[in-house]
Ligand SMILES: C[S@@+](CC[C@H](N)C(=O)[O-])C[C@H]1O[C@@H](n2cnc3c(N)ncnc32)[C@H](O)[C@@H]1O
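Just the one chain here, laid out as C-alpha cells, in the form predicted alone.
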C-alpha cells in the first residue's frame, strides 16, 4: 500500500465513526459455485453449476469501489475454478450493458483476470480463497487464503487425499508470505485445533491462520460447538505464546458471546445471483455468529490497535 492508500483509511474511519455513515471497506464476491469438493460444513448450493460473467463482476466491483470499498476477496465454490464468459448480461445498478442478455462471446476469463481487473479499478488488494486441492502457484492475487480443516479430519471433511494435496500445493506457491490458512471449527475437527496450530507454526509456506466457528446451514446445528469460550481461551493462549494467529485478541473475545453489536456493514457481500448486501447475506443466525470477521469488524469499529495492525500487516505483505 502506498501513502495515498494509507491516508484513505483514517479518512474512512473518521466518516464511519463520527458522521454515522455506513461505508464498506471490503467486498466479498462469490464468483462461482463450482467446486471439486463436497465439504460437510459447506453452505454453497452446487446443484446447478454457475459462474458470474466477467462484465457482471466488473460492474459489481465498480459499484463497490464507488461505495467506498478498497479491498476485495473472490470466493466460491472454488475460486480457482472460475472461468467466466466475457459479459453479456443486464446490469444490476441501472445501467444496461451493450450486450445481449445471455449471449456469450467465447472469450473466457480466469481468476487472475479478476484480480488484475480489481487493481485496475483502484482496489488496494485482491485476495482469493482456495481449497488448495490443485496447483495455485499461478495466482496473481495479493493474498491467498487456503482452507484447513484439521490434520486427520481434513480428509474426513473434504475427502481422501485432500490434506496431502494441500501440503503439496502450498509448497509450490512462490510467495509464502502471501498465503494464510483458515479453519472453520466444528464438532468434527474441534480436537485438532492444537495440531493445526503446530502445523501452521512449523510450516515455512503459511503466513498465519484465522479461525471461525461453524454457522448452521439450512438449520442444521449438529456441527455447532457448544463450548466456544474454552476453545477461544486455548487459541488466545497460543496467540500469547507467539503462534501465527491472525485473529486479534479483541475479535476472538467477541466470539465468546456472539450477541455483541455487529458492524458487518464494513463488508458488502455480493452473492452469485447478483444481489448486493450491506453486511452478511444471511442474518438468520446473527445472534450466534461464529465468523471471525464479524468480531474483527466490531474490533475495527472500536479502533482496537491490535486489530488495525494485524489487518495492515496482512494487506501490506510483499
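Residue numbers count along the first chain shown, from 1. Model, not experiment: these values are computed from the prediction.
Absent from the display: the form predicted together with the ligand. The rest refers to it.
Across the options 242-250, 128-136, 192-200, 226-234, residues that bring heavy atoms within 4.5 Å of the ligand in the predicted bound form belong to 128-136.
Across the proposed site, 150, 180 and 293 without exception lack any heavy atom within 4.5 Å of the ligand in the predicted bound form.
In the predicted bound form, residue 41 approaches the ligand with a heavy atom inside 4.5 Å.
Interface membership of residue 184, defined by any non-hydrogen atom within 4.5 Å of the ligand in the predicted bound form, is confirmed. Contact annotation for residue 207: none of its heavy atoms lies within 4.5 Å of the ligand in the predicted bound form. None of the heavy atoms of residue 211 is located within 4.5 Å of the ligand in the predicted bound form. The contact residue chosen from 175, 168, 217, 117 relative to the ligand in the predicted bound form is 217, the criterion being a non-hydrogen atom within 4.5 angstroms.
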